[in-house]
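As structure tokens, one chain now follows by itself in the form predicted on its own.
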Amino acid sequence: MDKIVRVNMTDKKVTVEPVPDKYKGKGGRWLTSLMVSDEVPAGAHPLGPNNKLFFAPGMVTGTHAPNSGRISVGGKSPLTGGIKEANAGSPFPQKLARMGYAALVLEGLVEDDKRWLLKLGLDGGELLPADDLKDKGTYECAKMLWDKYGEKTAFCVNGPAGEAKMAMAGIAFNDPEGRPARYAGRGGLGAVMGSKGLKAIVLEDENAPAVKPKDPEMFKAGQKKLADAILSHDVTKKGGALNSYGTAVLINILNEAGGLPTNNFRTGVFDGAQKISGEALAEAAKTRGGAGMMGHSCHPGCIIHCSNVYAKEDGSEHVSCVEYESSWSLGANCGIDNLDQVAELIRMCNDYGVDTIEAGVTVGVAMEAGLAKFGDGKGAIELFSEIGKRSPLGHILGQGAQFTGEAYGVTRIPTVKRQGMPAYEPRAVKGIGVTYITTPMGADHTAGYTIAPEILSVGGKAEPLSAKDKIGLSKAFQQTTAFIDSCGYCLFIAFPILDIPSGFDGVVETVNGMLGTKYTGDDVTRIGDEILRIEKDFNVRAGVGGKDADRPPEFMRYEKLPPHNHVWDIPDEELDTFWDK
């Protein structure tokens, strides 16, 4: 990966340039966050001409390293106002890497209401008129793109919500079967893409060369160590928890721990948890048959296969996929225990092009405001359809949970830095709360997944309800995660590499084999910390978060959460030590 392609939407020029020395050897989140910091003025309006959108495959993406098909998308977030990196697994980044592109940069702003499509080849690309895709849902767009460009292409597409510049809009990438189902969802980066008038990107990678590691033997050895670790760990092996029940296996686990946010974070237990769980998904796949399946993968080279396809009662495909976060946000968080209704809400999210977490948290806040009743699945579907209609109410909802809560005078708004909280209650699982509060990304579980030791006893054991030692725990996870995101590895490799030292060695060796570097385990946290500080520095310049500003929602300080009746009790002074060296 030795070139960067820049797409200027103002003058419609596509140019290819060599990777500057400063960016060589960097990928994924490391590269996008560094380029955002260097090229985007912190005071820029997220939807204005000075914001940019960066796409970067990871450092080992495009190789045969297991579970390495991730792409990072970065920019200034319309939702948080700060720096943002969202990543997704798809064939798209694998092809982009094999085409030799370390990054794709979208810059400038269109001066009309036209839509454009970027067709990118090995030696550059061209912008093509795409008004035929304007305002169309992602499913229809995906079919049109594969019909026109063939099923060997990879694509990403922006939904109607992104075109309408809604702050919950994400960017959809294709899965191996061409579904627009793999999302760089968080932070509203789809709205940035929409502001620039770009509806889709299509990759034509015919004759693209293989990605060649600088030290093939070291790379191969590291690849085997990592694969062996993944395939032997109880969480990630074939027939293991993720492979058998998908990420939604966590529904029952978090419910039993009292940490499953329910009815807009009123309680940590949900009576209908079993009905929307991974076990229920697996049972539906077995009994309904047809298109339904567990053990689906989001990109070639994935050996965990945690995705799924959910079928309707007649066996026809309803949606892919029902993840834990989606089943929770549009299920338990809204009091809905009907899996078919949850699946329909997920399908609507995919078609509109929005983040399912932000969508579910927003619907929960809207229910708090009285726009629908908790537990009313049909009412939630009707309410959510306002986004698709682009009605005035739809535009309010589309701006996310914080905006909706403020519009309706709601005080229980579960957000940090204006981004909706994911599926783990901070009052019941304190370490993940520290992650939500301190990460430059806004409330984001993937930024530092302390659920591993706090709930799953992976990588050690930490008491979830205890406030003790959670700053250091979250910091270590955030540093390591920033490195994993930069490699292009799926976050789920964290489970085996936390418990199996050779798996961690394999990660480092694949990077060294790929780049010719001599990184050690210590460099993983050093580089991760460097990335976090780049992001934090941007946010401070943008007036978002940092010391004396990273705080939980107020209601979590005084409302006791059943069943454990805990409040948020980590002092602000401790939170402020997070950035101490």
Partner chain sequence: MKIEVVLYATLTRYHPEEKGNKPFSVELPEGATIKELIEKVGIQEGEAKQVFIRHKSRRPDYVLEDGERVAIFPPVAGG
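Computed from a predicted model, the values in this text were never measured in an experiment. Numbering follows the first chain given and starts at 1.
Missing here is the form predicted in complex with the partner chain; even so, the following discussion is about that form.
Using a 4.5 Å heavy atom cut-off, state whether Y245 contacts the partner chain in the predicted complex. The answer is yes: Y245 has a heavy atom within 4.5 Å of the partner chain.
Flag P129 as yes or no: does it have a non-hydrogen atom within 4.5 angstroms of any non-hydrogen atom of the partner chain in the predicted complex? Flag for P129 set to no.
G258 within 4.5 Å of the partner chain in the predicted complex, heavy atoms: Flag for G258 set to yes.
Exercise: P563 in contact with the partner chain in the predicted complex, heavy atom 4.5 Å: Residue-level check for P563: yes, a contact with the partner chain.
Which among 103-111, 331-339, 274-282, 167-175 is in contact with the partner chain in the predicted complex, heavy atoms within 4.5 angstroms? Stretch with heavy atoms near the partner: 274-282.
Pick from I455, I497, L120, I396: which residue has any heavy atom within 4.5 angstroms of the partner chain in the predicted complex? The residue from I455, I497, L120, I396 that makes the contact is I455.
Looking at V249, A311, A88, M294, which has any heavy atom no more than 4.5 Å from the partner chain in the predicted complex? Only one listed residue qualifies here, and that residue is V249.
Please determine whether each residue of V434, V524 and E535 possesses a non-hydrogen atom within 4.5 angstroms of the partner chain in the predicted complex. Contact check failed for every one of V434, V524 and E535.
Within 4.5 Å of the partner chain in the predicted complex, which residues of 350-375 have a heavy atom? Give them in sequence order, or say none. Read in sequence order, no residue approaches the partner chain (within 4.5 Å, in the predicted complex).
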